[in-house]
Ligand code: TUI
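Here we start with a single chain on its own, the form predicted alone, put down as C-alpha cells.
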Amino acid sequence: MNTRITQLLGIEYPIIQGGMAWVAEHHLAAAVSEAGGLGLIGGANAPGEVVREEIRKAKKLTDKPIGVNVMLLSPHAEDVAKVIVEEGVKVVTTGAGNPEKYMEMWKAAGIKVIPVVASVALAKRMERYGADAVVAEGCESGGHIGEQTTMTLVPQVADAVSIPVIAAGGIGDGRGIAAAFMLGAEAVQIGTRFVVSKESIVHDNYKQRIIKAKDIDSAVTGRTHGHPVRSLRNQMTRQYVKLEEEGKSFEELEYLTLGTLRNAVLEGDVINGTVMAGQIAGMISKEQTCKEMIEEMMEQAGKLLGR
C-alpha cells in the first residue's frame, strides 16, 4: 500500500508504532520496523544518553528506518533532540508540546519531523513551521489525550493541511486502517495493540489486563486540571477520580501517580499502577509477533479497500 507516508519514511506499510513511555524501547521498535512499519523509541522522561543507547541497540537489530518520539515536556527534551541528530535518526515524532525550537536543527540534519496534534490549529501551525506530516490523534488513544475523537479530528486536519496526515487513536485492526484512509489519512499510528506483541518487554500482567479488557474498561483521569490520561480502570484510577471529586490539587494528584506507569509496565502492578491503554483494548484478544499483527491488519485493510 503505497502512500506519501510510505515514500517519505521508506517503509513498506503505512503503519507507525506509537512512542509509548516505558513500552517503546529498542526491541519493539526494531520488530515493527523489521515487519515493514516504522518502529519508534519513546524518549519519555529519559536522559539523552539513555535514548542514545536505545537507538544504537535498535540499529543492531534492524537496518530498516527507526524513529524517536520526543516528549517535549521532558526536562531532557533538549538533550534528546541533539542526540537524535548525532545518531543519524531519520524520523522524529513529538508529543506534549510544540517542537518549533528544534525544527531548524532537525530539518538541517535531513530529519523528517512529524508532530502529534490534537487540533486543526496546531496542525496548520506545524505545517507552517516545516513539518513533513502530522499525527492527528483522537481521544480514543491511551495515555495523554485531547478532546476530539479520531473520527472528527482526522478529516478536519486532512482538509486543513496539504502535508500527509497519520491517524491515531482507536485503531487496532484492518477495519480501523481502512476507516482512517476513508477519513483522509495516509497512514495510521498504533499503540495499544503493539503493547501485547511478543517482542514487547511489557510485563505479562499488563498484557493480560489488555487482552482480558472489555469495551467499558477504559477510564480517563486528570480532566479537572486539564491533563486527561486514558488508562484501564483499577484501584489507582478509582482513587484518583475520588480525589479529583474532592477537589485535590494537581500536585497531590501527580504524587499519587508518580512512578506508577513504570510499576505497571516493568513490575506488573496492574492494581495500583497506571495501565495506559486505548479504547480498542476490548478488541485485542491475543498475543502475536509484530509481523503477524501487521500482516493480518494489512490483509484485512486491503480487502476492505478493494486492493
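Each residue number is its position in the shown sequence, starting from 1. Quantities reported herein were computed from a predicted structural model and do not represent experimental measurements.
Keep in mind the form predicted in complex with the named molecule is missing from the figure; the text below concerns it.
None of the heavy atoms of V220 is located within 4.5 Å of the named molecule in the predicted complex. Not displayed here, the named molecule is kept clear of G88 by more than 4.5 Å at the level of heavy atoms in the predicted complex. Residue contact check for M182: none of its heavy atoms lie within 4.5 Å of the named molecule in the predicted complex.
In the predicted complex, at least one heavy atom of G143 sits within 4.5 Å of the named molecule. Look at 155-163, 135-143, 79-87, 193-201: in the predicted complex, residues with non-hydrogen atoms within 4.5 angstroms of the named molecule sit in 135-143. Checked against the named molecule in the predicted complex, the residues V229, I211, M103, V120 give one hit for a heavy atom within 4.5 Å, which is V229. For the residues V116, M236, A131, I111, the 4.5 Å heavy atom test against the named molecule in the predicted complex is passed only by V116. Along 87-124, a non-hydrogen atom within 4.5 Å of the named molecule in the predicted complex is carried by G95, A96, G97, N98, V116, A118, L122, in order along the sequence.
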